[in-house]
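The data below hold one chain only, encoded as structure tokens and taken in the form predicted alone.
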Amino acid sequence: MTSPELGISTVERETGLSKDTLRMWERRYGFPQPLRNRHGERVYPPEQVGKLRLISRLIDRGLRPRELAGATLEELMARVTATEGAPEPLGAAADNTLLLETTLDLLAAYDAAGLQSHLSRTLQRLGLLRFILEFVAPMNVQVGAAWARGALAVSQEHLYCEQMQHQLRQGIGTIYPGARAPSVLLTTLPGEDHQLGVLMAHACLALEGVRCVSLGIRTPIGDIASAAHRHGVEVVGLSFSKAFRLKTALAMLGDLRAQLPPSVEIWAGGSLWARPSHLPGEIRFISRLELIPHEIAEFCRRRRTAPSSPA
């Protein structure tokens, strides 16, 4: 089945590259090379969108677009692996590989019912924490790579996200609300549409007994600050996918930091922070979900050793 071409607004959302940037690269570098639909509007074949997605990730790692525009998809993927590192192998290699391959096969067949049943059985078998760390995290990498190669259409990627979100919400719903510090407000910033990271973090925090308040995605900065005050949380946790522009993320985090009281920490998690250096010290950057228990312990240590405010 041939994947449909994507309009420029969809490409902007999926790659993090603005419409103006896409048009400028088209003129300056001869890539991308969009087609035109019957209305004369730009549409982009899946293989070009996959390249754009990889180029966007590499630009955030300091490379220049003119160095990347003429590269093949395979060359770009090799450079991504070189700059970001290959995903870590799973523990039970053969068994988990079969689970991942089955998921991709069900997606390729557009088998929504089969996918839901497969994910539900996998969750029950592994338990929520192992499901997230051993299955969901590497599965997200594989689905993203398949999308970049053009092996999965946007509709299939969205099907995967919706089904996985459903499973994670069900898993979170089985956890008895905890009261362990810190209390955490979870959301994404405007422009970040990926909710899986928020749900995965929510589940990992809740399993540690942390009280979580989730606002979903794309919450304006001023509303985050207001909600943090109203809910009396000690941490604002934000998820960033690799599609989010690094410079934009840092600027928005600085804005949010200025609107929150010093007593409220900001934890920024997600795949965007796997490699960048020179990150501001006033933000806690968490690149892997496995680090959440350590961050909770460190938070409690910081609070115990913090000087008391004068009466």
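Note that the structure is a prediction, hence the values are computed from the model and not measured. Note that the rigid core is defined as the largest set of C-alphas that superpose within 1.5 Å between two forms. Quick note: we count residues from 1 along the sequence shown, nothing fancier.
Below, we turn to the form predicted together with another copy of the chain, even though it does not appear here.
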| query | finding |
| --- | --- |
| Exercise: E67 in contact with another copy of the chain in the predicted bound form, heavy atom 4.5 Å | no |
| Another copy of the chain contact at S183 in the predicted bound form, heavy atom, 4.5 Å | no |
| Contact label in the predicted bound form: E41 to another copy of the chain, heavy atom within 4.5 Å | no |
| 4.5 angstroms heavy atom contact with another copy of the chain in the predicted bound form for T72 | no |
| Region of this chain that lies against another copy of the chain in the predicted bound form, out of 164-172, 131-139, 72-80, 234-242 [heavy atom, 4.5 Å] | 164-172 |
| Non-hydrogen atom within 4.5 Å of another copy of the chain in the predicted bound form for each of A112, Q195 and L215 | yes |
| Residue (of I286, L246, V264, M252) lying close to another copy of the chain in the predicted bound form, criterion heavy atoms within 4.5 Å | M252 |
| The unique member of L207, L159, L104, L126 whose heavy atoms fall within 4.5 Å of another copy of the chain in the predicted bound form | L159 |
| Stretch 219-251 - residues with a heavy atom within 4.5 Å of another copy of the chain in the predicted bound form | T219, P220, I221, G222, D223, A227, R230, H231 |
| Large Cα shift (2 Å or above) at R13 between the shown form and the other one, core-fitted | yes |
| Core superposition between the shown form and the other one, C-alpha change of H294 at least 2 Å | no |
